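The chain that follows stands alone, in the form predicted on its own, written as structure tokens.
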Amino acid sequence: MKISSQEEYGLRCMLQLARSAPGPMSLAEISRGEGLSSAYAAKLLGQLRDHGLVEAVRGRSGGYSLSRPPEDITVREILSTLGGQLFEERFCHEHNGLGESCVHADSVCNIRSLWEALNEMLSAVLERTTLADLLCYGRVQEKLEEPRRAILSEGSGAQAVN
């Protein structure tokens, strides 16, 4: 799985706003803090504003601020706004080889079931993780320890095939 630069930088901009909450940050402060051009930061913040995650405040002491408290904004919301999901149904129509649709579209596709399972697990993790969690180093690992143990204990019951 790859996280796009748009998703990475957008998440980082959101973290800056979470650190400065409740006051707004100027576009110049945000772009300088992340080493981004003002135009690129404005594009990201525009997308986040259009989806209700940030608010633009006009005026001399204006800028951008979070639309909700950091503990109410999930990483899943942010990444979905900026890039989408790991696996979407249209995937099979976009990777169809020489045909109009995937050759497995009308049958059981073992690979599709893998992508769907990974998407489900990743979405669950991202939905459980908030901006507030990311602000506290180590909190994400603590929150994910229980699901991680469950996955590892499931895997430990499997027999090795020689």
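One-based numbering along the sequence shown. These numbers were taken from a predicted model, which means no experiment stands behind them.
One more form of this protein, predicted in complex with the DNA, exists but is not displayed; see below.
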Per contact check vs the DNA in the predicted complex (non-hydrogen atom within 4.5 angstroms), the hit among 31 to 39, 66 to 74, 125 to 133, 112 to 120 is 31 to 39
Since the partner isn't included here, can you check whether the DNA sits close to all of Q6, K43 and V57 in the predicted complex (heavy atom within 4.5 Å for each)?
yes
Tell me, yes or no, whether G52 is in contact with the DNA in the predicted complex, where a contact means a heavy atom of each within 4.5 Å.
no
Heavy atoms within 4.5 Å of the DNA in the predicted complex: does C13 have any?
no
In sequence order, which positions of 7 to 26 have a non-hydrogen atom within 4.5 Å of the DNA in the predicted complex?
Y9, M25, S26
